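Only one chain is shown below, in structure tokens, and it's the form predicted on its own.
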Amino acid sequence: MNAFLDGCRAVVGPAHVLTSPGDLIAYVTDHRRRHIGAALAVVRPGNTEEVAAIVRLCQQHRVPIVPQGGNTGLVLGSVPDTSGNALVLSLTRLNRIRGIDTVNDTLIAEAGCILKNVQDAAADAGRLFPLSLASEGSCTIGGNLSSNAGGTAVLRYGNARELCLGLEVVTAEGEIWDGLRGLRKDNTGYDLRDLFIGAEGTLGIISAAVLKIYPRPRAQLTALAAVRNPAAALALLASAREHCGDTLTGFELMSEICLQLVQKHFPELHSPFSQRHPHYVLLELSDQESEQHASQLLETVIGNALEAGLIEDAVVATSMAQSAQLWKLREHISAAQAAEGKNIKHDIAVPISRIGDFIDTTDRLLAEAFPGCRLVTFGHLGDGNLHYNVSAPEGMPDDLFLARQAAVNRVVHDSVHRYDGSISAEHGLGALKREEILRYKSPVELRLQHAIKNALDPLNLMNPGKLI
């Protein structure tokens, strides 16, 4: 492989070809630190042409490629296996904002741009880029698109797919497809953009994207409501949609144990309620008219819900600081659960109307099969995506609990399937769920996906062992 590595050094410069174990470790370790792979090298190209040249070298020498952005994924999609044969292609040096068009309301960002930097670039131009994730300070646009990331604003703005108008992609042959067209209508054949979004780097490498940006809202208001059960939360969602329309941009569900864990591990974050409630809903309105208009809408929704008995209590943030504190309760759930111990995560989606029944049924099945397990349920109720996580009973060693992961997954995923849902809503399949999905996809769907993979990557060098 000396000739291959020498070729890589000639393309990107010796400083950007990493081969020592100390330099590689961060790139081959997954975000949750449960898997450490191995790599032939890490290569850090600085532009699209260098990406294409490296891909051509990989084709010539038959070297598998693992594209990587911020490496914040949870399904082993951006790290190599343990064979040591693959090249990790880090895209973090492709980090330029190529342009902003405030008339067309578009922004062109390279794949290595950190999401928070894209948000800030849009804000500097008086616009909003609405994709928002807990990892927005380290995840990258290329990774967001490759996994079709969701986040907290999908209810109003859609997933990453809906926020992208065009792509620049390096194909498996090392050619560059320039699809950076900021068009909202383009009916000229197969939609190649949608083919590469959500493909987890298995068909080609996204190097840049045309993203939608929006006028910044004149007001954002947040409220936290306590509800008896998910059915009441769904009724509140229906009422909020009826009264607020697209002004409703966030609607997050949290079970009581979520807040207990946050307050245990982050004692500076306090619940605004004097007593505990079974579930909570975090609502956010983003209004293009005025703060007064948004306040009237929110007061109407909360008032009607209290009168109808849909909610047991509610607090409305009266300042940006209070709003931020309410969101911190939601945003710190994952960190609090990690501090509590290892857990079994599920990123699932079911039709919104069936979420209440799904939670009731699956909670019962898990309690019967794994007595004492703790169900840390939270997520984007407004778009049907739940982070339905299972923690060990108090006092049970982590390793003993994780030994039951396959059995826990079977209960949860079979229940998801019965409710016409998906076992991966916004994190992708990666290597973690690649075999699991075979239980739930039809033979026809699997054949079609394999046909696409074989057509675009016949040598199976693009992120092999992931997704398909």
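Treat the numbers as computed from the prediction; the structure is a model and nothing was measured. Position 1 is the first residue in the sequence shown; the rest follow in order.
Heads up, the form predicted together with a further copy of the same chain isn't pictured, but that's what we're talking about next.
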| query | finding |
| --- | --- |
| a further copy of the same chain in the predicted complex reached by all of 241, 380 and 426, non-hydrogen atom within 4.5 Å | yes |
| Partner-proximal stretch of 266-274, 110-118, 343-351, 82-90 relative to a further copy of the same chain in the predicted complex, 4.5 angstroms, heavy atom | 343-351 |
| Touches a further copy of the same chain in the predicted complex: residue 409 (any heavy atom, 4.5 Å) | no |
| Residue contact check: residue 48 to a further copy of the same chain in the predicted complex, 4.5 Å heavy atom | no |
| Touches a further copy of the same chain in the predicted complex: residue 219 (any heavy atom, 4.5 Å) | no |
| Residue 321 within 4.5 Å of a further copy of the same chain in the predicted complex, heavy atoms | no |
| Proximity to a further copy of the same chain in the predicted complex, single hit among 175, 299, 398, 360 (heavy atom within 4.5 Å) | 175 |
| In the predicted complex, the one of 136, 312, 331, 105 near a further copy of the same chain [non-hydrogen atom within 4.5 angstroms] | 105 |
| Residues within 4.5 Å of a further copy of the same chain in the predicted complex, restricted to 437-463 and counted by heavy atom | 437, 441, 442, 444, 445, 447, 448, 449, 451, 452, 453, 455, 456 |
